[in-house]
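Quick heads-up: it's one chain on its own, the form predicted on its own, in structure tokens.
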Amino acid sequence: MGYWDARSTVLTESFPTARVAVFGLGYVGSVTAACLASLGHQVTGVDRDAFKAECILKGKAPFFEPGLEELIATNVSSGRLSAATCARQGIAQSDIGLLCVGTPSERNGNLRLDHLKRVVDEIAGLLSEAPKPYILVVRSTVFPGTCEQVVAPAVARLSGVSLVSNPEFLREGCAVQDFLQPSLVVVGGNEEQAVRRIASLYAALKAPARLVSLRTAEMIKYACNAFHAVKVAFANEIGALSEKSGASAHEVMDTLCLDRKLNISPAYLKPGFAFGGSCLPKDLRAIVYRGSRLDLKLPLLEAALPSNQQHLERAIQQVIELPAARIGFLGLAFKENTDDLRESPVIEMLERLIGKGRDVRVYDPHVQLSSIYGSNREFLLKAIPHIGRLLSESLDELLAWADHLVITQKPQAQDAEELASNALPVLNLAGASLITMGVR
């Protein structure tokens, strides 16, 4: 499968007005159809439910959503929006098909994809009868891999059909506003021309579109919704703990939100290594303990340390599986630009590897055994008594010794340059891409 690096762009190309069919006229489909028509596109809504199609044709909304009925009435009157119960009519009147069918949950939490499969098979059959270039766009919320594993096989035999993922970010109650004033536009696919064509549907909104791969687009939708759910649960748990502790829950959270550098920001929202140090583990343990003393169950906060430990376990397993006799580590402190070793996940990793008989060495530009003292030195020597034999004095020395390098913290600029010119295999656990780091 093709893949191209994610990028954000405001499209400046001149694209003609699109002819779009929207399959599924529920909340997402009706709002999408009406709003695309309001942007000047020719839109046909398709739904097997005659009631929904008839509502659109009469200039009415099939359900209540602020601003939707007025938008439908205006665009039906102008001739830019129509509706049908027949997929054949939708295909005949379009060059782009947006799939907005439901993907409800099964009892076990899995997605039901029968609606999606049915409409994809129907569209594939119609396009095989009357072949033409067509872009099929999955707007429904689906697992990463669904486009490739479920949708693509149905249209694989058809030439000229491109597949794109364009997840929606619409909230019921303000869906029209969310569409016309988007905070995020995501378009994913393996054919750049098709991806840019779908992104151009939103060009009039002057919103940057994030152009990514198919699976990335599918995953972004889940990441966003999971983050929203976690934020609600976090605020509620902190609120409950605040009230039980005699603090103002709203004042605590209002103040937390004032910090746009670390709290309401991209800080800490980058996949990487497990956290450690003298603050986060200690304070999480204290919160969980205090909650239990106040008869409060705080499942989200209680899960933070076990989640962090599971992430460390995954990293340890990755290192254990490396086909290398000598493994070098870049980074010993719990993060870069410090010599603080307290609760460093690297130390636990080294303990486990040494226990399994692996040959390891480590280099950290800020950690020299002769210069650390107090609780920092005590913690290190208690965990790894013979650490002195494992510490390399320079990155050069480590690279000359190792068969494989494990990066656990972002390298300093001079180290990144040295790594870029070295052919040693690398396992990067630090989160940032090696390109971002300046490494190969």
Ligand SMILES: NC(=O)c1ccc[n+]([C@@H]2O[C@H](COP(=O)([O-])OP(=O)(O)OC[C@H]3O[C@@H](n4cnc5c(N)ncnc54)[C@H](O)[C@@H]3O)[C@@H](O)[C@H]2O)c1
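Note that the structure is a prediction, hence the values are computed from the model and not measured. Residue positions are given as counts along the sequence shown, with the first one as 1.
In what follows, reference is made to the form predicted in complex with this ligand, a form of this protein that is not presented.
Between the options Val119, Leu341, Leu98, Leu201, the residue in contact with this ligand in the predicted complex by a heavy atom within 4.5 angstroms is Val119.
Of the residues given (Asp49, Asp403, Asp396, Glu378), Asp49 alone sits with a heavy atom within 4.5 Å of this ligand in the predicted complex. For a residue to qualify, one of its non-hydrogen atoms must sit within 4.5 Å of this ligand in the predicted complex; all three of Gly24, Leu170 and Lys221 qualify. Although the partner is absent here, Thr103 lies within 4.5 Å of this ligand in the predicted complex, judged by heavy atoms. Contact check for Ser245: every heavy atom lies farther than 4.5 Å from this ligand in the predicted complex. Within this chain, Asn75 is remote from the site of this ligand in the predicted complex, having no heavy atom within 4.5 Å. This ligand in the predicted complex is approached by Thr141, whose closest heavy atom lies within 4.5 angstroms of it. None of 383-391, 27-35, 66-74, 404-412 except one has non-hydrogen atoms within 4.5 angstroms of this ligand in the predicted complex; the exception is 27-35.
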